[in-house]
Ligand code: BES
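One chain comes next, on its own, written as structure tokens: the form predicted alone.
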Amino acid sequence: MEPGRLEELYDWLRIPSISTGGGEAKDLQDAAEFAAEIVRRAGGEAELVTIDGGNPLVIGELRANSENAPTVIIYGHYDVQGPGPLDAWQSAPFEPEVRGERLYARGAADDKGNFFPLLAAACDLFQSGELAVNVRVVIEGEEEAGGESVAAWVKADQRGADCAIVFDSAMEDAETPAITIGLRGCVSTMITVTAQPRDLHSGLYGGSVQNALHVLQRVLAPLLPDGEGNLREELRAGVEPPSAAELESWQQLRPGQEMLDEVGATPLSENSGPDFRRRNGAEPSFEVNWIEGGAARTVVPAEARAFVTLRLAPGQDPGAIEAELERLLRSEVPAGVSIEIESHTATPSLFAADLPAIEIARKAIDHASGMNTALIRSGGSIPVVADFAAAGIPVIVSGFGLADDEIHAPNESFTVTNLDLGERCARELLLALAALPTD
């Protein structure tokens, strides 16, 4: 990547565009305007669009050098998670620093550093007169906080596209690029249990009154997976089993146990490694992410809260599963205790491996990287992918992150050589998509 482009990325990373709480609206605005200006300097068009008071979207366009060219949306997000404990960082989270083979900064992998090579390749091809597809640029600022603005934009958009490219994913390993054809959806839920008007002395009232933490534990316990990680059948409704072709292809990928070992994970069961691909791509999972309640003193807590995520497998209906989850939660609440449930949903997605866009992308990335590109499913969720799918737009989900990028954690980083790899692959991909069939 050219030095000037690297400096642009460093400047973008310096903007603390936090969308998850603790950030500033001006920083989100500045990060959006910075990305729009990159498109404008290349000679393209870009504007900021705000929907219902949300964080601004960057909507831009770089037109092809020929008529009747296919139209491709490139998507990324400029918002980031908060830095967490600053003393856990070896360098300031919003002051990019290269140490060894890695670029360290919040957003270096998710998603500024991962997406930037795609944006740079599109702009450079446009400037040189080589751009053979119409590129619509869509960069959002709420991916880490629900993505409601971009969902509304996609739903209202009348132009559409012949495909979309999302660089917000990872390689299978350092020697194997990947295209993610399946993503899980999600029901993310905040639960608040209120048992008493205020905390009460545990000696004077304990054993006679409802304890909010006890109620919360009772509410959550029936939802927990069994010893093999399997969920109750009500939460598995609609699961679409992987095809025989997918099952066969997974045998060519690296063992799941290796993926667990590289992050130092403690397996749930002895089958977690051998069954990793199915568990984390084709099955739902339920996790308690966070619990809060009580105090470091002898009280019966009046209130307790938890945040939980139910990842949905392809084929599942988020609305139906959300309703079933709420029913199960409320069924365990004792009389006189109140429970408040607030959920956000994301729809799972699955694309056929033989779609023209996927086949073209696989060959292009193979050619640019000199490696063999794997087709995988991801256990994570990218809500906009399902939004594009609902609009009839096939999506190429790729990217050049690695398992040790520490996404969302202190010392997030991105391999410097993967910036170059991402740019090469993005350039080849944008050129190859000129062959994409158009409606």
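One rule holds for the numbers: they count along the sequence shown, beginning at 1. Model, not experiment: these values are computed from the prediction.
There is another form of the same protein, the form predicted in complex with this ligand; it is not shown, and what comes next is about it.
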Using a 4.5 Å heavy atom cut-off, indicate which stretch of 202-210, 94-102, 162-170, 325-333 touches this ligand in the model of the complex.
162-170
This ligand: the contacting residue among Arg362, Arg136, Arg311, Arg277 in the model of the complex [heavy atom, 4.5 Å]
Arg311
Only one of Leu375, Ala69, Ile407, Ile59 gets a heavy atom within 4.5 Å of this ligand in the model of the complex. Which one?
Ile407
Find out whether any non-hydrogen atom of Asn411 is located within 4.5 angstroms of this ligand in the model of the complex, and reply yes or no.
no
Just to confirm, Glu144 within 4.5 Å of this ligand in the model of the complex by heavy atoms?
yes
So, Ala108 and this ligand: in the model of the complex, are they within 4.5 Å at any heavy atom pair?
no
Look up in the model of the complex whether Leu183 has a non-hydrogen atom within 4.5 angstroms of this ligand, and give yes or no.
yes
Are there residues in 77-109 with a heavy atom within 4.5 Å of this ligand in the model of the complex, and which are they, in order?
His77
